[in-house]
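Next up: a single chain in structure tokens, the form predicted on its own.
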Amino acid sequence: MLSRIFHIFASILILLCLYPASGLTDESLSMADRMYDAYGVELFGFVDTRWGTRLVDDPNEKEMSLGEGRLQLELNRYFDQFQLKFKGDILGDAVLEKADVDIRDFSLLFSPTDFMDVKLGRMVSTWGTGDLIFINDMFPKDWQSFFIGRNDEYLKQASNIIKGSFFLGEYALDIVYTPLFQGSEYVSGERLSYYNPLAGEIVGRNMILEDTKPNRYFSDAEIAGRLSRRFGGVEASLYGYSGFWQEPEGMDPADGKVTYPRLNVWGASARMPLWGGICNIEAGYYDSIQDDNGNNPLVRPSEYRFLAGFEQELAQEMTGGVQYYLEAINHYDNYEQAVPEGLHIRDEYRHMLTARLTRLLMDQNLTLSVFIYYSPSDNDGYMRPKFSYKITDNWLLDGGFNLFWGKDDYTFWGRFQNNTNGYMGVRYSF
């Protein structure tokens, strides 16, 4: 029902964007230029096609990991008192054998006062300082898109929110209210395989994970806040969140479905110049409200999370970055005793290192990069080497690999090791 309403609103928005602002223009202009001259509409978009295949045998999934065609249209229209924006995708998915519509931005922006901006509708939100590691960013992600080779922009999912930004002297306060929890797109076995602790092995389409999602408007809402200020060269922020775990981190023993337990998150971050580069630190406490101080084995326990990173230009047209990430389970003794016999017990501390290297070549038309996650405590990891080549101003060719490994099937990255794949994509932008 909500999806249908959004499609109707999107159609109305497009009509509003096309409300004439001036007469028609010279037909020799591009379609985007003519749209702007005639209607005051900024028009962007692209057509994208992608293909990917598994590099490891997986009896529980299709050999083709990615096969799709996508059309995206973006329309912006500026009025005297507000701005309207629409961005939507039409997708044909050969792996799941279905078509879909993804509205990534359908929003209204206005400023009721000199010190306040309001944005409401459907949009993508991003907070925090981590490079592909998220602590205080509690907005929904799409990990399946990330793991199969879609463009990095699709790691972030859009959600329906009301956002208020307040500018109070040297401080900036952002409040984001989501009337109904959405949650992230997680690996469920439908497209990618995963380790199922109850089965004790890696499963896929033979055991698709089913969840029970909060579904009561306003009762199952989320609210997030960020207070930011600059102190000289240091950008500092405080965060707060009240809602749910973004992925199902609980279990209902009555029906065997996974659930989204209640969660509060409190954190802080800072970013600053250091040693000729940029340093960032971030921390957060995940208060898992229903874990009963670690005594509830059906709910993920509360955790402390910490991140420190550094990025620097290593040479001309080459940059590098490293990060250290830590998870520490609160009330670990209680958690350890509560886990049923036969199930894997997590370590009290999980350490992870990341490294990124990016090289620009051929007048910056060719980009080579690699991003690596490695956990010395779990002895597992995930590597993302990729390239993109700008053939012309409109045409882009890209590709890469998603390489997973792990000593054990049940660790964070080890559970995905049967999903190792390679992919290629071609995009035409207009």
Partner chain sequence: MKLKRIILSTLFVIMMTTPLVHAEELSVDDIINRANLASYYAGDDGRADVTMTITDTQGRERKREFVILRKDKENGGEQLFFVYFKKPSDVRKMVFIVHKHLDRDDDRWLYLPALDLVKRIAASDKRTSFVGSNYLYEDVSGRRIDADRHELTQTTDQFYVLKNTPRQPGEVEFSSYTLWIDKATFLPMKTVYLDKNGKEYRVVEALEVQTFDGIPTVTVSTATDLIAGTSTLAEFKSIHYNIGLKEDVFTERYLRRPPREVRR
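The model shown is predicted, which means the values in this text are computed figures rather than measured ones. Residue numbers count along the first chain shown, from 1.
This next part talks about the form predicted together with the partner chain, which is not shown.
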Three-residue site Leu109, Asp114 and Glu317 fully in contact with the partner chain in the predicted bound form at 4.5 Å by heavy atom: yes
Stretch in contact, per heavy atom within 4.5 angstroms of the partner chain in the predicted bound form, of 285-293, 148-156, 251-259, 200-208: 148-156
Option touching the partner chain, based on a heavy atom within 4.5 Å in the predicted bound form, out of Thr354, Ser302, Gln144, Ser125: Ser125
Single option in Pro273, Gly164, Gly92, Pro179 placed near the partner chain in the predicted bound form, where near means a heavy atom within 4.5 Å: Pro273
Contact of Tyr374 with the partner chain in the predicted bound form (heavy atom, 4.5 Å): no
Contact label in the predicted bound form: Asp393 to the partner chain, heavy atom within 4.5 Å: yes
Non-hydrogen atom contact Thr53 with the partner chain in the predicted bound form at 4.5 angstroms: no
Distance check, Tyr324 to the partner chain in the predicted bound form, heavy atom within 4.5 Å: no
Any residue of 221-237 that, in the predicted bound form, places a heavy atom within 4.5 Å of the partner chain: Arg226, Arg230, Gly233, Glu235
